[in-house]
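Here you get one chain, nothing else, as structure tokens; it is the form predicted on its own.
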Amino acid sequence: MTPLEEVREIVLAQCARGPVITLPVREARGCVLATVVVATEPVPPFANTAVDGYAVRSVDVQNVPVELEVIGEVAAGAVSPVALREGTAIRIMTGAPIPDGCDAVVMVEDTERIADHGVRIFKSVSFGDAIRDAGSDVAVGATVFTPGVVVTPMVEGVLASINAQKVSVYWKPRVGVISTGDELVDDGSPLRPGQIRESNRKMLLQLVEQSGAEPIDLGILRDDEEELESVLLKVTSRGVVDALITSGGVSMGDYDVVKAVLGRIADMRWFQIAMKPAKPFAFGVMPGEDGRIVPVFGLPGNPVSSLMSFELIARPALRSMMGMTNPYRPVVQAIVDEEVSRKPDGKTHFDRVHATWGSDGRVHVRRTGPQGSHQLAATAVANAIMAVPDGNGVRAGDTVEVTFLGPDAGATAQ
């Protein structure tokens, strides 16, 4: 058997970053920045108030309470037509530009309005209080983002604030997902003897999308080598897909149309990985459009095995192609709350667990149910994977390594 880390190294070595493209910011969400982003405008663009209150000269409010004449009002988006002079104040709303002559703002909670043109100040303020200087968030010429940052909604907001209309990013690979088998049914019709519902393809399409890549549904192909070969050659040579994912037919000794066809048209390697589930795994490359290399991921057919192979091998490879500097999900130390027994077999077992924060400030995990490679229902409620090292298992209270699942796990530049 081949260690998981060795397989990962082999796969990632063949999954090079894709081309750099320029996109409007609104179309770049989920992509990875390929170049430095430098601010050409300050944020904020002018000095403004951080609070609702009164613009004052700090020297006028050192001895409180004190009454000042209110000579104007300025809202966000407006500019005061008058400047402060000794003994005066201007009513001001959060975000409004600081009037000339003002060097501090008193919060409205520390004031009381007097008639129509006066205000009583109950709290003194110092020079600069509640004023946000121009460029205090981002200065002109500052490096805002470096290569490797994922364009999240928050990043979009910052890019908009500095008037960055376009960004250079790594492209999102188009990943074709295919299912094969005469026994597969996905049209809702009653099952005939020997038929099963197709589920892997639907699951994998969603997992590809969650990884940040673009899923391409290649549908179900029947057990026909000629048809399968024709489809695979067409989608790779014509640039329809940048990577391929299949499930099933990768075990030692299996004869399957997928294995037979890939063995002819792709440069494939067939692995037995030291992990459970998902011991069988295949990986290779095919020639693509314009001389590009199209990675091919052959996942095992059992649903949980297919999920584990994707999460631990295919997903990081796809994210590496997208320009991720660290394509793996974060691994955390957690406390297992139950005894987990196993027998030595030379493999690391990856159990599906539910992780929660304990009152001790640590992550605690419990298995979600049966751990068979075909038992996807129990896996569906898991939010993490627990690694159980080779041996006799772990005791309740032991520390284990846990990888979180889901679209929000490792959503930054991971």
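Quick note: we count residues from 1 along the sequence shown, nothing fancier. Bear in mind the structure is a predicted one, so any value in this text is a computation, not a measurement.
Here the subject shifts to the form predicted in complex with a small molecule, a form of this protein not shown in this document.
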property: Touches the small molecule in the predicted bound form: G249 (any heavy atom, 4.5 Å); result: yes
property: The small molecule contact in the predicted bound form: R197, any heavy atom under 4.5 Å; result: yes
property: 4.5 Å heavy atom contact, A274 and the small molecule in the predicted bound form; result: no
property: In the predicted bound form, S179 touching the small molecule (heavy atom, 4.5 Å); result: yes
property: Stretch in contact, per heavy atom within 4.5 angstroms of the small molecule in the predicted bound form, of 234 to 242, 295 to 303, 108 to 116, 67 to 75; result: 295 to 303
property: Residue (of D137, E156, E183, E311) lying close to the small molecule in the predicted bound form, criterion heavy atoms within 4.5 Å; result: E183
property: Contact assignment for the small molecule in the predicted bound form, among E229, D337, D256, D129, heavy atom within 4.5 Å; result: D256
